[in-house]
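In structure tokens, one chain follows: the form predicted alone.
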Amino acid sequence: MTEAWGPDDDEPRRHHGPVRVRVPAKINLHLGVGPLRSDGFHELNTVYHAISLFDELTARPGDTLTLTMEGEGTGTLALDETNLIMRAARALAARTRVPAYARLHLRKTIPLAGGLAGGSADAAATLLACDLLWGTGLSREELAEVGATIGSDIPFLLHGGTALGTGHGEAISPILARPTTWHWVVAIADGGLSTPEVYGKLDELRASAWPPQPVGDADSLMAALRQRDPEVLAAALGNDLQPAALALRPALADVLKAGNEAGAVTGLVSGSGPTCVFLATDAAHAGQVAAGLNAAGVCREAVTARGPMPGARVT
């Protein structure tokens, strides 16, 4: 086995024991959805933002490839070859021509099918963990190339922070702005929404007599981030998928209303939903909004988070 370079290290490292990687969830501060392309993807123009809800993936040596888990979604999430973790491990093994042998264990807190890219986050963690476990020595950019073949959000979750995503979301450009911590409340729903179903509903709505109006643009959102003012950022947030998510899950309107009544600066559906996120002015304000949402009983749980967070990192 060759020595492996840690993506953030100056010295090569060899890992013989467990490798633990923590990875954040993401929200979309702006999600502009273009028409359906010939390859089956929609053209996207989005601003990703990594927040402080985390999953943890542990990789240990093994004589085959196995996956176990605990936490959110246990008993519901498939652990077979359809899981993005397994697909990521096999894709990395194929790219680097090493045996796909590892015992993988997931500790999950990011909700399933919640619009927070939990599955993509887990795949990103797997790429980093297995790269170090196997000593394959790929850079973070090379891991992102592997990840892009599996899921559009994976490259961003390897890098984290706040970034512009184009293509079908896989082409990542970091957004340069003065360091600012943004405070959020995440309203976790009971049950999930299928991302393909939400995109399909958006196509259906756009073909109707009263198509939803597109949201603003990514340039305005990036300019708002640089002003470091929650009110300015709130006016620039937008999600083209929100009308489709609301059409499929009308009760989300009650969540958005309750968050606003609890004092949030603004709220929106996260990605394809059904999770909703609310912007707060500071940590104390976020706690107040979360308490109001929990008291309203419109979601399974409302929790506070902050961003931006780094992407997948070894713990």
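Residue indices: 1-based, along the sequence shown. Values in this document were obtained by computation on a predicted structure and should not be read as measured data.
Below, we turn to the form predicted in complex with a small molecule, even though it does not appear here.
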The chain here is shown without the small molecule. Which stretch in 92-100, 130-138, 106-114, 178-186 comes within 4.5 angstroms of it in the model of the complex, by heavy atom distance? 106-114
Is T82 near the small molecule? Define near as a heavy atom within 4.5 Å, in the model of the complex. yes
With the partner left out here, check for me: in the model of the complex, does some heavy atom of G147 sit within 4.5 Å of the small molecule? no
Distance check, S120 to the small molecule in the model of the complex, heavy atom within 4.5 Å: yes
The small molecule contact in the model of the complex: D240, any heavy atom under 4.5 Å: no
